[in-house]
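One chain follows as structure tokens, the form predicted alone.
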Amino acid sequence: MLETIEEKTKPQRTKRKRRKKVLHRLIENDMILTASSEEYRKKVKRVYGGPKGALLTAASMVSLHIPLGERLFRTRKFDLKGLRSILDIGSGAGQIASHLLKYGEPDAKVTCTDLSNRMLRRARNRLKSTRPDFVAADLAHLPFADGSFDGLTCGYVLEHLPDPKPGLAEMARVLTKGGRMLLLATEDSFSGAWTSRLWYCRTLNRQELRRQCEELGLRWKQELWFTKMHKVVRAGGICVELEKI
């Protein structure tokens, strides 16, 4: 009887998932897949360099991404202990970089990168610290030597590449063996689709992202969640600690 019930309900679940995916596709912004690479890069620079980018810190506070993100470092869910050279990719207004300076080793070298020079200026003004280096850089073409960093953070940047694999490959390249990465990304969920519409990014599938990471020698060490409730309702997007093997 149980097998019969499962057989009957499985097609219904499949249909619901398909309807959700169709709805997500209708909401999700597809500019990243339809525009030329140069057009898309210019659009992203305008978005983050303009009024939206100026409000990014405030939006991150309202959405609780800054305080909940800080908890990951404060509680050592992502432990910065022992990391001496940390690269923060897509620093934006310095949201993650501020946590690195606060909870990392006092002598750790922190390098902040962003595609937008205007965002780097905002990060520099907000952090008010002489410790970080600020470098304008594209995730798909990082201007650093192999194995330059033993720690890396990348918050909501990978989804701005039409194909995430080149970005993952670059992050793997600049990490030392045994180096650790905190990766946050927009998931292919209902809330992720709205994020895509607002910030002109794509969404990423959790299982596919894990497969690509492992192909590049990035071990999926642990999935992280902002709170227990986020884990229960599968909210907050993809947040994972990776280790280069």
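Numbering starts at 1 and runs along the sequence shown. Keep in mind the model is a prediction, meaning the values are calculated, not measured.
There is another form of the same protein, the form predicted in complex with a small molecule; it is not shown, and what comes next is about it.
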Margin query: Within 4.5 Å, heavy atoms only: does residue 152 come near the small molecule in the predicted complex?
Written below: no
So in the predicted complex, does any heavy atom of residue 65 sit within 4.5 Å of the small molecule?
yes
### Task
Please check if residue 200 has a heavy atom lying within 4.5 Å of any heavy atom of the small molecule in the predicted complex.
no
_Just checking whether residue 35 would be counted as a contact of the small molecule in the predicted complex - the rule being heavy atoms within 4.5 angstroms._
no
Of the candidate stretches 71 to 79, 130 to 138, 170 to 178, 101 to 109, the one with residues having heavy atoms within 4.5 Å of the small molecule in the predicted complex is 130 to 138
